[in-house]
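The data below hold one chain only, encoded as structure tokens and taken in the form predicted alone.
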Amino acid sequence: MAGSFGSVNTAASALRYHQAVMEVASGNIANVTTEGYARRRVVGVSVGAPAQPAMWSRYDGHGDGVRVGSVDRLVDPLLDSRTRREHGAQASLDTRATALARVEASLGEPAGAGISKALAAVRSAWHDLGNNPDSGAVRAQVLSTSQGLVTAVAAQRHNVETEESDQRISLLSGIGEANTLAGDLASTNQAITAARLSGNDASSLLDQRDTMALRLAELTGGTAVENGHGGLDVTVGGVALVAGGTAGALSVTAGIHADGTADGLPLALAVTPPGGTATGVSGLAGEIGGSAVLISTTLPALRAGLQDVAQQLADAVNAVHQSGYDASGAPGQAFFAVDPSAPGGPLVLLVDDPAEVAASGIGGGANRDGSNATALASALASPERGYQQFVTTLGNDVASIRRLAATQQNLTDQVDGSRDQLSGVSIDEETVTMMQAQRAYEAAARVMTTLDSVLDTLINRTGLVR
């Protein structure tokens, strides 16, 4: 629009635009600590000549100012996708590392009151009995320390079983949270579609969408892809969990009862897509994937390893004990048994009478020989080595998963840093933006004042003769 009145409109457009810039910068600063908030930027569009209505029409103005073209969220979809992937991998490794560290700490090795200390006490008691085979007190000490060893093995198995129980509860809780998030994300997808159709700003809804998708990735390692309506479709294990405005469900089909107890079957997970049937999934990442690996593989292997140690111990002691003779000269009986289902198992002490301890290597009647007790002390060397191997293997596994988690953390931090540089709010930068907008606003206001003076001269003073 040409002329002085057109210049007023141009100045007014500048006032409106720079006011919007200051409002958006102020909103960024207000949300500097808001989780999931992506900073906004006002995109200005120059208002130029109108479209020519006819072949010979001409525009004799010089531009009509500026307008707000859009308010954009500063995000990178590719970087967001990478962030979700790295967070899913990190959550899985952290879950496994934390659980294994708890199991390792519960062993009480090497300086705690664990199985090694109990084995040393049993070996010392057998040596003492070899030196004092006719002492009832020493025989009782052998049984007492052996029961202590049984208790130590049972405590270690209980610790592993407790961790298994905790992981089952954690997995069920994670699945419940994932299904809730899937439903919320589907509702948010619907709201984003409605907002875009009505022309409303969907930036806050998009922030919520990205936050929920990131948490879903941390839980399941799911992959989120933006659909054509601004929402995110999420697949878990290759099966759709969220499709547009509808959500499916992740569930446990075997391995865990609803109350968190084991049902004796291998763990199995399934995803029921929207409007579909349950499809088995495996190889998940995230917290649920980490718990699934622990429940299915890692913790059962530790339980089996402890049972192997108990079996080695029972076999070594029984072989020597049954070749000796008790206080009455009768052949020795089995000293230990292995029964995983027994209360206080898997190692069970079978001898409860000190007189039945086969300390002698000579039969035919009571005697003061203690050679079999000394042989029993020596026989504990093999089970001790087996237990040391078990502890070493666990230690190596813990160290390995910690290294993997630390390496993954470096990648995750790097991606998070890149994302924060783009989407995070910098108070210094926003302050500079506000100051620039303020100066521009003041300049536009000055233009308006000048034009007011020009118009006043044009209207009220033109033609006056002094």
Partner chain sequence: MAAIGRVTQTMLTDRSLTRLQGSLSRLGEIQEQLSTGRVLNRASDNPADASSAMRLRSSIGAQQQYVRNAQDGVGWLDALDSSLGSAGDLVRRARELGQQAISGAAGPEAREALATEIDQVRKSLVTSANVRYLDRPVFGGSTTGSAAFTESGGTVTFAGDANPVNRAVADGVLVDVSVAGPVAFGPDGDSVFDHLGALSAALRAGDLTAVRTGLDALEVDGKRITVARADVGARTNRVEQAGTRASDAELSLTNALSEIENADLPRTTVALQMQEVAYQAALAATSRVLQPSLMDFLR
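Positions refer to the first chain, counted from 1. Predicted model, so just to flag it, every value in this text is computed and none were measured.
Although not depicted, the form predicted in complex with the partner chain is the subject of the following passage.
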{"item": "The partner chain contact at A38 in the predicted complex, heavy atom, 4.5 Å", "value": "no"}
{"item": "Y387: touches the partner chain in the predicted complex, heavy atom cutoff 4.5 angstroms", "value": "yes"}
{"item": "S116: touches the partner chain in the predicted complex, heavy atom cutoff 4.5 angstroms", "value": "yes"}
{"item": "Exercise: S26 in contact with the partner chain in the predicted complex, heavy atom 4.5 Å", "value": "no"}
{"item": "Residue stretch of 166-174, 359-367, 299-307, 207-215 approaching the partner chain in the predicted complex, non-hydrogen atom distance within 4.5 Å", "value": "359-367"}
{"item": "Candidate from S46, T407, S70, T431 lying within 4.5 Å of the partner chain in the predicted complex - any heavy atom", "value": "T431"}
{"item": "Contacting member of D233, D80, D184, E109, with respect to the partner chain in the predicted complex [4.5 Å, heavy atom]", "value": "E109"}
{"item": "Any residue of 376-412 that, in the predicted complex, places a heavy atom within 4.5 Å of the partner chain", "value": "E384, Y387, Q388, V391, T392, G395, N396, V398, A399, R402"}
